[in-house]
Every structure is written in structure tokens, then in C-alpha cells.
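Next up is one chain by itself, shown in C-alpha cells, the form predicted alone.
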Amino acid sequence: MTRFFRYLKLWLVLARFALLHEMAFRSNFLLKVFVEVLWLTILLLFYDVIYSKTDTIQGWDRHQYQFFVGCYFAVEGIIETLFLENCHDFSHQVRTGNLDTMLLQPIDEQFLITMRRVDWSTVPNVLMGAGVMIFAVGNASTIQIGTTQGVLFLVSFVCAVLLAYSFLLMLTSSAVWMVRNQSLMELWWLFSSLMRYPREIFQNSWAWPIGRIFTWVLPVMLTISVPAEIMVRPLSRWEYAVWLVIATVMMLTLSRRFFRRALRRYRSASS
């Protein structure tokens, strides 16, 4: 517990430093926030137009899907705020040899490499996502939320964030071997795009193998579907929720080992 509070205190210091850096370039910060707000607005308008023509899409009505989109923005916002910029910068650290300095610090390397910077410009994504979820629940008379649902949602939401982080960490670690791993990092955008849609979209179509692969092999499509279903509609198959928890534990363990293995393979820029 003492170690946890020590790391938390260090992270708060790093977060404060990142905020001061953002405030030094306020125009850039405000522009980035504006782009994020515009992106969510366009996305909601797009789905609003679709739902003006139909009542449900693969079993999701208007307010249920609004909650789904809000959940996606909240999860994506947390990932972008805490981890994404750091992970993208890892290959640069490897190429320039700056990783040497990080490895000499008396602190866990994974913490320092993946959490040393906070992107405050994407914090509004988390707040907007939460706002959309609250709006959807407040305007849907068919949604009834109990204490059990709320607890299960929080557990599955945390699992979604950790599962997405473990995927990102494994892609990041590949930079030790590839040095420039931009093509592999493009897979993250594929994963994040798949997270934006319910898994039901692949049912009863020629693309059903894609849905199965990204549900049971690389379960990225469960990251948003399971938390959203727990809150706003009956979870059709509880094995999806169980698999989300199991997959999160497995991927966190695997990504940690893969990351440690990558660091053991790292050769200093001076060697």
C-alpha cells in the first residue's frame, strides 16, 4: 500500500507538470479540445440521422446506442489521456537512446514509460462520454438501473480500460525489435474502431468470422459492448462478461511479460 501511494504521488506530480506545459500553449490546447468536441458532435448527429429512419439496429434502440457511444468515448478518453501519447513516443525513445535514462531510474519501467505524461486535452472526452451516458439513461424510460447493475458496470468498465491498455502495451513493446513500429501501431486504430461498434453488427452476415475472432481470440469488441449491455439492455449471454474478466487478467499478465521480455532484448544506443 505504501508503494501504491508513492506511485500515486509521483503520478500526480507528473500530471501537474503536464498541465503546466499544456497551459503554456493555451491556443493549441483549446483547439485540440474543440476538435474532440466537434468529433463527438458529428458522431452523435450521424447516429441520430440513422435512428430517425429506424427504431432499432441489431436490437439497440436510440438511447441504448447513445449510452454505448458515451461509454466508448469515456474508455477511449481515459486511454488517450493516460497512455496513448506515451506509448506512441516509445519507439522514439528506443531510436534516440533516451530509453537508457528511463531504465536507470529507481522506478518501475512500465509505469514510467506508459504513464509519465498526461494528455489533458483529451480529458473532455471522458467528461463528454460520461455526460452522454447520463443523458441516455435519463431520457430512456425503458432503462432501469439497480445497485447490482451499477457495480457490475464499474467492474466491466475498469476491465475494458485495462484490456485496451494491455493491447496497446503489447503493440508498443514491439518497437524494441522493429524500432519504427508505426505499422503495428496502426493496429491500435483498428482495435479502437472495432470498439466503437456493438458485436451484433457481424451477426447474420458474411463477416461473422471477424466478429468471432475479435470476440473470442482478441476480445476487443467486448470492451464496450459488455459494460453497455450490463447497464442498458439484457446481457444476452453472460459468458461474454465472464470472458471479459478472464481475458483482462490474461492480457495484463501476458502484456507485462511481453514488455519485460522486450526490455531484456533492448540494446543501448551506445552499444
Partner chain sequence: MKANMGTSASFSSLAQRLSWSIRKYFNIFRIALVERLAYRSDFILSSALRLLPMLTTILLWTSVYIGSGRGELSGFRLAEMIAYLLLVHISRMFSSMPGLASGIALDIREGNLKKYLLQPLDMLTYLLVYRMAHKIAYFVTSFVPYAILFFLCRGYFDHLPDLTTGTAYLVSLLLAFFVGFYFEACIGMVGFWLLEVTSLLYIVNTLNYFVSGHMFPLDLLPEPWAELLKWLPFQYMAYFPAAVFLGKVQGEALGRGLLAEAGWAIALAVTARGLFRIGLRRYSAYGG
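If you're wondering where the values come from, they're calculated on a predicted model, not measured in any experiment. Positions refer to the first chain, counted from 1.
The same protein also has a form predicted together with its partner chain, omitted here; what follows describes it.
Listed residues L104, I145, I134, L190 were compared with its partner chain in the predicted complex; L190 is the one with a heavy atom within 4.5 Å. Residue I201 is the only one of A140, A130, M115, I201 with a heavy atom lying within 4.5 Å of its partner chain in the predicted complex. Contact check for F34: a non-hydrogen atom falls within 4.5 Å of its partner chain in the predicted complex. Among residues of the shown chain, I246 is not one whose heavy atoms approach its partner chain to within 4.5 Å in the predicted complex. Contact annotation for Y65: at least one heavy atom lies within 4.5 Å of its partner chain in the predicted complex. Residue contact check for Y197: one or more of its heavy atoms lie within 4.5 Å of its partner chain in the predicted complex.
Per the 4.5 Å heavy atom criterion, its partner chain in the predicted complex is contacted by stretch 52-60, the sole one of 222-230, 238-246, 66-74, 52-60. Taken together, V13, E109 and V155 are entirely out of contact with its partner chain in the predicted complex: none brings a heavy atom within 4.5 Å.
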